[in-house]
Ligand code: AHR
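Below you'll find only one chain, the form predicted alone, shown as C-alpha cells.
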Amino acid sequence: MAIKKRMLGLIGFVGAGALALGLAGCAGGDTDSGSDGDTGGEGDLVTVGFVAVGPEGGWRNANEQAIKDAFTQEAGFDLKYAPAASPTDQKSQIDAFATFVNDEVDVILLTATEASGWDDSLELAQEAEIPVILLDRGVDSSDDLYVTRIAPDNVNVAGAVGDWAVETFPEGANYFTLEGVPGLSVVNERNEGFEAAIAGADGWNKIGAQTANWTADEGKSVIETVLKENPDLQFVFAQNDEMGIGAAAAVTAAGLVPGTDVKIATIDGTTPALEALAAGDLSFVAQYNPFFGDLAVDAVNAALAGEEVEKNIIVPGENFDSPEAGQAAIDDGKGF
C-alpha cells in the first residue's frame, strides 16, 4: 500500500473515488457524502470513512447528523458513511472498516457497536498509516491503536445523576437501573459513575438492573414487571432518555404518579425527555451532548498534520433538574 499523505492542503489523496464503489456491498450498501457541493473534484478532498451505528434513537441520530454536517465537501472532506446493518451488528462494521482500509481512505471515524473485538481492525489501519478516531464509544484495545476518543464523559455524566439522587433521597431509596445494550463501554461507564456517586450514602437498596436495549417499549415492559414484584420502588436510573420515558409510562400504567411516587432520572437530553421533564414525568435529565462535529474535524486536521492529539477529548454538557429547567432548555433549543 502506498504511503499515505498526512498534511492537509496536499492534493491527490488516494481512494476517494474508489471507496464509493467499494462500499456498495458493505453495511447495507448505504454510503453518504456529507454534501452535494462541488469544490473542484473529489481528488482535492480529505476522504473520511465513517464506520457508524446508524439509526438507534434520538441521540444517535443527532450525533451522526452533526458529524455529517461538519464533514462537508465545502469544508474540504469527502465523507463516506457506513452504518451498521443493525445497532448491534459488529460484523458489518468490521467489514466496512476493512473496506475503508483497502480503499486507502485518509482517516477513519469509528463508533463501535461493541467495545471488544477491534484489535485486528485497528492494527490493520495502523499498518496502512490510516489514523482512527473514536466517536462516543470506547473500545477494549490499546490506545496506541487510535488517535483519540471524542465523547462526553459517561462516568461524570452518570455521577451527576447519582449526586442528584443522593440529594433527592437523603435517607436512600429502593432503585432499579435500566441499562443499554450489554457489552458497550457506555453501559459500563454509566454504571460506574452512578454507583460511585451513591456508594458512600446510606439507605440505598438496588432492586436490580436489566437491559432495555435503549428503547422506550422495553423500558416500559421491564419496569412494569419490576413494579409488580417491588411495589416499594422509589427511583429508576435509566441510562438513556427513551428507556426513562418508557419507565414513566409504566409507572403511570400502574396507577402511580411519575415524579412523585417514583422518580426517574435519564441521560441524553433529547427534546422528548426535556418535554417529559417539563411535564413532571421525569425528574432529572443529564445532557450527553451529541454536537461535537467541530471537535472531530479539529482532531482529524491535527492527526493528518502530524500534530499531537489528546487521547480523550471531553465534550461538555449540562444538567436539568426541574420542570422549569426542562422548559427553559426547550426554549433555548438545547434538545434534539
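Residue indices: 1-based, along the sequence shown. Just so it is clear, the structure is predicted and the values come from calculations on it, not from any experiment.
The next section is about a form of this same protein that is not shown, the form predicted together with ligand AHR.
Remark: of stretches 199-207, 129-137, 163-171, 76-84, the one touching ligand AHR in the predicted bound form is 129-137 (heavy atom within 4.5 Å). Of the residues given (97, 146, 214, 176), 214 alone sits with a heavy atom within 4.5 Å of ligand AHR in the predicted bound form. Here is the short version: of 158, 186, 245, 227, the single residue with a heavy atom within 4.5 Å of ligand AHR in the predicted bound form is 186. In the predicted bound form, none of the heavy atoms of residue 68 sits within 4.5 Å of a heavy atom of ligand AHR. Using a 4.5 angstroms threshold between heavy atoms, residue 288 counts as touching ligand AHR in the predicted bound form. Ligand AHR is not drawn, but in the predicted bound form it has no heavy atom within 4.5 Å of residue 292.
Using a 4.5 angstroms limit between non-hydrogen atoms, residue 50 is distant from ligand AHR in the predicted bound form. In the predicted bound form, ligand AHR lies within 4.5 angstroms of at least one heavy atom of each of the following residues of 54-78: 56, 59, 60, in sequence order.
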